[in-house]
Every structure is written in C-alpha cells, then in structure tokens.
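First, one chain by itself: the form predicted alone, in structure tokens.
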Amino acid sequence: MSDFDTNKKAETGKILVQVKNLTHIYEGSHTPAVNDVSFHILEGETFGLVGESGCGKTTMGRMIVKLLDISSGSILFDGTDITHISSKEDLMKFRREAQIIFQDPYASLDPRKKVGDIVAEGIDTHHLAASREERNGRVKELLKTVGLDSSFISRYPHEFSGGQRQRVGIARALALKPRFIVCDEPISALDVSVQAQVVNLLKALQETKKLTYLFIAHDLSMVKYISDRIGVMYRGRLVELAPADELYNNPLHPYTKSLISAIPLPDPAAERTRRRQAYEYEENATGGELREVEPGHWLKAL
C-alpha cells in the first residue's frame, strides 16, 4: 500500500498517531486480522473506524496501544517509533500518553474491586500520588469529571448501571492524563438512551482536555456524529477513508454504501421506502491500494 499519510502533514496539522502497513496475524491463523493498513490521526481530532464485527477494528486499536503484538508494519506516536517498545520503562511512559476505553463495561471492571481502586489503578502503578488522601482526592475529582458522585468511590461495579460503569471506565482512562484514547466500541453494550449521553461526555472531555480519539464502532451514524474523519474496514483492510460528512454524503466503495443503507431513518415515511443495499464479497474486494480520488477522500482501487 502506498504511504498517503505524510504528504498532507503541512496542510492538515500535526500528526499524533501514524500507522504504516500494519498487519496482525493471530497465532494458529493463516488469514491476517489486520492486513497492511495505513492511516494517520491528527492531534485533537476524532478518527472513526467502522466495519462489521470481525473486520479487525478492535485488533487495530489494541495494537496501537500496545496490547497486541504487531506482525509487521510500524506505529509512530508523536513522531517516535513505538512499534517494538520492549523495556518496562518505555512502555510505562507510553501508557501515560495513550489509554483505552473497553467495549464491555460489565467485563472490563474487576467485580472484586471498589470503584476507587479501579479508577486509581494507573495512579497507583505510576506512583502519581504522594499519599492516600491525595490519591482519593484525585479519584473523586475524576468521578465528578465523568458525571458520577464522588461518594461512589467506595462502591462496587455491580451496584451501577451499564452507563455508569462505562463512565467509571472513562474515568480510569483519564487518570493518567493521556493525550490519546482508543474508544473501542464504548457504547455498543449500552441502551440507546444512554449511548448519546456517553458520546456527548466524550466530546465534552475532548474539548476541555485536548484529547485525540480513535473511535471504533459498527454504527456509522454514531461515528459520523463524533468523528472528523472516518475509515471503513472490511476483512482486515481499509477500503475507504474520508471526512465524516463527505463519506456519509458521497460514499464510493460498495461496502460503504451498504453500511450507510443499513442506517435506520428517523422519518417513518422515509424509513418505509429505505432499501438496504447488499454487498457480496468479491475476491479482489480487499486488494489494491488506497488512492486519493477527491481531496481528502481515499478509496481502495476497485
């Protein structure tokens, strides 16, 4: 795949995360979960990554924050190659800069720990508080930041709703004051009524704390709402990349068109006439290079 990320740097702003030809093959598998993917994320933006279950979105996010090994390719963070970080010191330094919010708020919080201990995991590991009082004070402030009462510090995860648990997960991710957060389908396990609250919280935090997000989801309508640019993944490869409005209003790849056609419409009359566009896998559907067909709009060669 051609490297289309660097030549626009002067025009688009500072690149914080740059992924180059990234590939991951799980042990025992012959098919890459992520196959030769390249893109960049600008400082302060939200880059959305969408696609069906099993397309490699989560694998991509976990590689970027060093929770999965990289089979081939490279990752640059703020200009520094973090592909093969090996020392504990370097990895802990990177953890201060990059965090992840996990998909399932029920599985990602240790049920045996109190909320205060969960949120303070990073603070304790990195020795960022001089005393118990300072540590608890920081945890209470983090809980307030995500819209939870500071008294929740002594409660357990099972006492909270799904939306509240995900707010705890967000507070934990914020504890180290990172610059970059991978949001790995953070709303998919939540009720629809709660999803908007969590997304609006993430947008507000981004503004106040100058955060950069990789927002992973399969719901293209929600990704459009929160993202500046969107990449579409299919069978481990990136098949289209464009600004959010451009991708939504002018999809070019047949798979992107199929995803958009599946979005329910709020107008009952329009919903009755909506036609779902099926997309059948083709042998060359994931081959070829991304090419810029319009300014900022990249498409896999069909």
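For every residue, the number given is its place in the sequence shown, counted from 1. Bear in mind the structure is a predicted one, so any value in this text is a computation, not a measurement.
FYI, the form predicted together with a small molecule isn't displayed, but the following is about it.
Residues of just one listed stretch (255 to 263, 39 to 47, 58 to 66, 241 to 249) have heavy atoms within 4.5 Å of the small molecule in the predicted bound form: 58 to 66. For the candidate spot formed by Gly137, Leu143 and Phe152, no residue has a non-hydrogen atom within 4.5 angstroms of the small molecule in the predicted bound form. Remark: Pro268 does not count among the residues lining the small molecule in the predicted bound form, judged by a heavy atom distance of 4.5 Å or less. The small molecule in the predicted bound form comes within 4.5 Å of no heavy atom belonging to Ile70.
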